[in-house]
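Subsequent text provides structure tokens for two forms of one protein chain, presented individually as structure 1 and structure 2.
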Structure 1
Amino acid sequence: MEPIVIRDETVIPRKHRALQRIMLVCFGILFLRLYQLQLLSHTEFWKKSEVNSIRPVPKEAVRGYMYDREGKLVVDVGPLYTITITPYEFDTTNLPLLCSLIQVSKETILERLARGRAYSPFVPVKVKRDVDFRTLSLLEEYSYLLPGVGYEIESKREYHGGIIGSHLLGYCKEVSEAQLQNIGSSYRLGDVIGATGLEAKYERYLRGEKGYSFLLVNSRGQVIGPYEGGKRDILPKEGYDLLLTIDSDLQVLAESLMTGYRGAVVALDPNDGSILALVSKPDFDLRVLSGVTPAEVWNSLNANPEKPLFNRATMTRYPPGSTFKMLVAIAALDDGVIDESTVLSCSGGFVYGNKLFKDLHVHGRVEVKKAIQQSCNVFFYQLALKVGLQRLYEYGKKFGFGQPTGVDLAEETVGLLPSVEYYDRVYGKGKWTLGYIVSLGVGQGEIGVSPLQMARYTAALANGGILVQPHAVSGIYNKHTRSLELIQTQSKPIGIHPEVLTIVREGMRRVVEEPGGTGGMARIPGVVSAGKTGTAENPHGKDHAWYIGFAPFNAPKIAIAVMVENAGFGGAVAAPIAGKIIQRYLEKLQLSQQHTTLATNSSTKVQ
């Protein structure tokens, strides 16, 4: 039985022909579908297939680090782990194990899985963000039993050396939609941006540049592998590092000394304005905000009546109290209204118009140094009147009051320094009397300064009359070019007679060093220092305490302003805090000097 193949179309079984037609129809339908897919929906599918076939995965750059003035790592970047499940690979019989490992309820996981599966079973679903390393290592060890369970790595800030620095360092936040419209295209929803403190101010240096890796993905969303073996990937560019002027030991000490108080400490190097420590209390743990911040944490921080998010070091404006007296004295001396030996008498009170301005003691006959040493109010009431509002305002401006300090932290208040125009505006022209400015002589009334402004003022008193620009960053290190860009700050001489400053400084020295001074609690054994206490009247409660000071007296290395809310008399609470901080810093300086002398000595010996 040999089949004979012939090229003739006569003999074909009938049933075959029927079958042929059915198949022709089937094929026709399929062909039409193909036509529709390939030609009619061409552009639509083309787009889709292009998007599908190469999936760019953004890679966040490693944020820059921050080092303190001694080169110690203070702000670090650590991993933030997010547990994911690929629905297609996940075996739901392993659910109980997974639940117990990551402490997420079964329902939550199932719900996420279902949602993920509906989108694409091959795309990993996030089930828990910001898990700790212990959980991660457990998951990793169980990974051979948990197919489909993986993790993604993002980064978050970590802090070393016991530093809190909530207001100085600042925190990062997911960029908000409102911000997105302002800052342009390099940010996407979900990106992290510096929100406060140095993180915000130096955002463009710290952030670096996002990179992309390209993955080849099939039409069902399943990752096949890296596109062109990862050759086209764009590596993220790391952010620049910040070299801080902060001394982390000093910062930690200041933070611990202020524990339990509400207030702020700002310590500057009076020679260049670099911030050695900046503390605002109450504070909060930056680590709480560094990873995924639960809404209740945010709400409790925001709703806290103590306002821990508020930066008291740069944002409060309280009257400076008696710490303002040096300014009044300088104005008077510099204008020649009084001289070093001008004596005014204090009877424990001062009447101007129909109002009595009080003093704590009867100081008798005092000249300017004694007035500062014993903080005689009556002396300065009279001085304020003698100097006049306009000159007082001008000298205040010279020392940086009523204007921004130019600090490189995200937010600061300009405070309030009243001028003639100010009173005219508030009370109306001619409707206020000179009596309004009597209290200005002792830093009370309508005047507001921030601890940072006070520290800058103290630095100017310390360094012989140069107004520095406070700053927390001394340099920016570019890891790509390996170059260090030093930050330039502006210092300008105030322009007062040097003898004037000498007189005032001597008064300040007596405050701390002589018996009868108000700042004896800030005394440091073996070092001559200078300072001034202050008490800011508070209509809402107990007075706020101030202390400003600097040391060593002859060649100041540190200038400090301490403000403690509702602490009463400044000499009791604020002065010892300042004293301890100054002492620690000077001891450190001495130690490092000894080290360098030792080092140079030994190296000369070797030579």
Structure 2
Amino acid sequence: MEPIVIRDETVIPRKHRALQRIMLVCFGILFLRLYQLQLLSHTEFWKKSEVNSIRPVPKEAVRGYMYDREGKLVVDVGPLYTITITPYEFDTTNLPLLCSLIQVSKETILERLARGRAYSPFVPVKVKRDVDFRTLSLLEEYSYLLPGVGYEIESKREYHGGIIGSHLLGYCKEVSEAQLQNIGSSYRLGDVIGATGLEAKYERYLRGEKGYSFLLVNSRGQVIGPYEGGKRDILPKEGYDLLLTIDSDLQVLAESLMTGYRGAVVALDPNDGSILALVSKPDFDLRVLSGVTPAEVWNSLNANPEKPLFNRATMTRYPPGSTFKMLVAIAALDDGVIDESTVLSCSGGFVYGNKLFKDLHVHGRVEVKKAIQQSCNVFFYQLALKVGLQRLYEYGKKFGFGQPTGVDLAEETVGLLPSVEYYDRVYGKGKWTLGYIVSLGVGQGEIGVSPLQMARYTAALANGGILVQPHAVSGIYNKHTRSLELIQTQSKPIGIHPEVLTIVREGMRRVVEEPGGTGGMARIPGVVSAGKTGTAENPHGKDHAWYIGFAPFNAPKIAIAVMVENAGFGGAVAAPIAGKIIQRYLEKLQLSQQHTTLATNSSTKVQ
């Protein structure tokens, strides 16, 4: 007989109630979460959703222009077409077709795509810049086979007025990964950045601000169309324009006069340090670095033994030769070591210790003006010893040697101005003799200067003892606010007695204007000028030729330094170049003044 099972009917309702409670709790949690998502966190998640469905496409800004001191357009921009690939959309099975159309290797494209994906798979990657119209047409023809492939319109530099200006204007290049880590998020792979010269120094002004167009995409990343019909697009802002201090006609002349030479020319307005012309030779065509530079072109520029990429105007360290003699004379006169009438004898050489320091001529008894005029080495050998190394160093500092000029270019050397500490460090304390100082008297030995430093030194001699800051930009024009920001530069008095400068300047006048002067080939008809030649010894070859000068003598408008490598005597090679440049500039000033006078007279008659 089976046992009788008696069920408790109250057990089942209790289980139902427990299940109901669990379900109520679950639905309550879901409801609260839904409330949070729909109401409390709506804005946050809407923004995230929008980011996922809207793709920003950057639009490059037009780089700023450059104008010369007369308002002539020097640096312009033209269109440049760049092929892009959006990694998310691109089908790599079509890679062989793309490679054949744009003539880029498979490895290059894959490498750029990999770098692009690491950044964002939805942002277009630049794979080839500066393509021609034929290539664009082919891509359009095969566009149905190349999803994700497109192009952007960028800008490249164009140059006007016959200017080369490679070391002054500078060039741009594609930003490197190392730079991206240091310059922030405003740049991306494929962007260009100023690399040298003014392009680099004024990059933040010239570059402008990117714009963006926003595209609506679906969950698979496919483009549906412009977001809100393009109403939210951000237009790019053009870069600011630079107003340069250079005279483009003078720059072209200086470049032509230096053709076939190695060396540099720097011409300044001695009154404010404005750079009128700056040339380094050999140079290169900036147009080959505007857009895309083929590897073979870049390699040839770097491998060229003439070093065309090297800026000889600002980066060199040449001995100044006899052009340094005015500084030695100033130190001696200003310290009272000699006066205007002090006479020293020159027998064609100077013996110090067991060494003979030579001169090119026997000058006899000479005072300081005649010593500058005839470039008497023996006079300045003796003078350097009388002044002493420490004072020569201190006066050299006053004229800006051994330190940067503060020029607004991307690079410059400080040169070398030897001091007691320098000789102690290099040769050992107590192991060098005063014989080292003798050579400094004629700008030889360890001293090294750049042509830019020499032009600044010349400007100080011309303007009465004011050390100016060289600069190539006078103003920055904001096209959006239509405002002009003037560049502020610094100048400071050197602190030389005026009568000392008067004596030295007279010696420089005689160099050019009087018989027996070494700079007669820089003479300008109808204009009194002053200058100094220099022939700097070079242990690696023929001597370097120097000339520094200014004009007009009584009211200087231009100061210049010309250095020609391995060219021999400064008076024979560098002086004529300087004379032609000075003459052209003064003629332009005179013509401009005549036009101003005529315009003023005409206006007066009309009134």
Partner chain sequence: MLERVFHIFTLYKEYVVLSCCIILSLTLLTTNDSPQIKRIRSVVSVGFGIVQEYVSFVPQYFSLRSENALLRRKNIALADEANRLREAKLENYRLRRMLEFKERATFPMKAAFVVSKDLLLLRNTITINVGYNDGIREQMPVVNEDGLVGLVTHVSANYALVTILLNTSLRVSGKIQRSRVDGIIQWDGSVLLFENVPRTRDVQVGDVIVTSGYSQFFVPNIRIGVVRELGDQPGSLFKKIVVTPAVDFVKLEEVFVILGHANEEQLNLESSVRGVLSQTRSK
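Sequence positions of structure 1, starting at 1, serve as the residue numbers. Because the structure is a prediction, the values reported are computed rather than measured. The term rigid core refers to the maximal set of C-alpha atoms that superpose within 1.5 Å between the two forms.
- Source of structure 2: the form predicted alone.
- After superposition on the rigid core, the Cα atom of P121 is displaced by 2 Å or more between the two structures.
- Once the rigid core is overlaid between the two structures, E89 counts among the residues whose Cα shifts by 2 Å or more.
- Relative to the larger rigid part, the smaller one is rotated between the two structures by 42°, as taken from C-alpha superpositions.
- Relative to the superposed core, G148 moves its CA by 12.7 Å between the two structures.
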